[in-house]
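The chain below stands alone and is given in structure tokens; this is the form predicted alone.
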Amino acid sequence: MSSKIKWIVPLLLIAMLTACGGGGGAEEEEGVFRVAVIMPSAINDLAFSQSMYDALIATQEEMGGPESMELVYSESMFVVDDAAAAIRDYASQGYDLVIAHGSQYGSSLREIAPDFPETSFAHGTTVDTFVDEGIENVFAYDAASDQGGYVNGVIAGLLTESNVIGVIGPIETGDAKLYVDGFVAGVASVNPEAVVNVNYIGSFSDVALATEAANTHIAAGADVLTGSAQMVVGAIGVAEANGVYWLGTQSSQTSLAPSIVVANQVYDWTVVLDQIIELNRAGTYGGTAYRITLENEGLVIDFNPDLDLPADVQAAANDTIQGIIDGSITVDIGE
């Protein structure tokens, strides 16, 4: 049996988002829904972990606050063995949903989930639910980050004056690679003369390496930078010091450098969480993979309101967003 991949359609989950909502029995409906999340970095990393934490806080508020949804978290769990211990501990405590926010935790879920068949587990970014292995209580979630990457690339290609653009990537995998590939394609679509220099530093968290990479890009003439993962705070600092534009992804990074951050692709995981919680309360504990996109509003392009984007660049960005949504623009990243 293959796992199902859903390109999520936002739902009005009114019944679910109350203390008495959901599809389960009366006892389940009246109880507090308990969620635990394990994250590889800090909840305020302005990147991957914060995107999930912010979504969980928003979901908790929609459901009526802590009285309706309990939320606990373990952050900076970059050691997989430590994360596995936390996953098992939360499941043993009876949490309804345990989210292992990182594809690196997949092997741990494969071992732990069968021991807790009435607990829902979720992990991303990946589409692997392990249904083919007979495991039926794991959800997966992914981001079509190439879409927002393409939009950011269009912006970068139109903003650059030097025709040199720099990218600081972490490891060439997952949503980070999708983002970078989409960004490069977006630049090429509007400015084929621009040179996009891509540097994968081999780490999601090494701020010093990201800082060094950003300095190298600027020394090579880059006047627009972008990057993915929590290490980009170092690169953003360099961009700000040199008056170089920055385009972000995963979470909004505008607050870190409002004078140079142009726009951010923001992951809104609430459209995933809503459906996972609804299925859990109806007695389905896993087996579905979700993908957030511009169309289902799981991906949102957040423009910096304090930065005056030229009208033609803003119009091109808006047209690109709409084109990806309606299918008139295809993000071609060579796959």
Partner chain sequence: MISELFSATVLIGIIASGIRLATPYLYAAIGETFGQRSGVLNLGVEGQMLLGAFAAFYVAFTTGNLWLGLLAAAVVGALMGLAMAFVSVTLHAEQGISGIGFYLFGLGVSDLLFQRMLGTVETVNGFQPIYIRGLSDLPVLGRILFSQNILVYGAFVLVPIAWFVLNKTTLGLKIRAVGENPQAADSLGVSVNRVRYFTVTLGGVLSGIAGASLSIALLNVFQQNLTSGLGFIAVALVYFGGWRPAGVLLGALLFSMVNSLQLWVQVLGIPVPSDIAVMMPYVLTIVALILTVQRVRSPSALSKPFQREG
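Residue numbers count along the first chain shown, from 1. Since we're looking at a predicted model, the values are computed, not measured.
What comes next is about the form predicted in complex with the partner chain, which is not displayed.
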Practice prompt. Please state whether every one of the three residues Glu212, Ala220 and Leu256 places a non-hydrogen atom within 4.5 angstroms of the partner chain in the predicted bound form.
Written response: yes
Worksheet item: Out of 243 to 251, 259 to 267, 151 to 159, 192 to 200, where are the residues with a heavy atom within 4.5 Å of the partner chain in the predicted bound form?
Response: 192 to 200
Discussion item. Against the partner chain in the predicted bound form, would Val233 count as a contact residue? Criterion: heavy atoms within 4.5 Å.
Written reply: yes
Worksheet item: According to a 4.5 angstroms non-hydrogen atom cut-off, is Glu172 in contact with the partner chain in the predicted bound form?
Response: yes
Worksheet item: Is there a heavy atom of Asn163 no more than 4.5 Å from a heavy atom of the partner chain in the predicted bound form?
Response: no
Item to complete: Using a 4.5 Å heavy atom cut-off, state whether Met69 contacts the partner chain in the predicted bound form.
Response: no
Fill in: Sequence-ordered list of residues in 65 to 93 near the partner chain in the predicted bound form, where near means a heavy atom within 4.5 Å
Glu75, Ser76
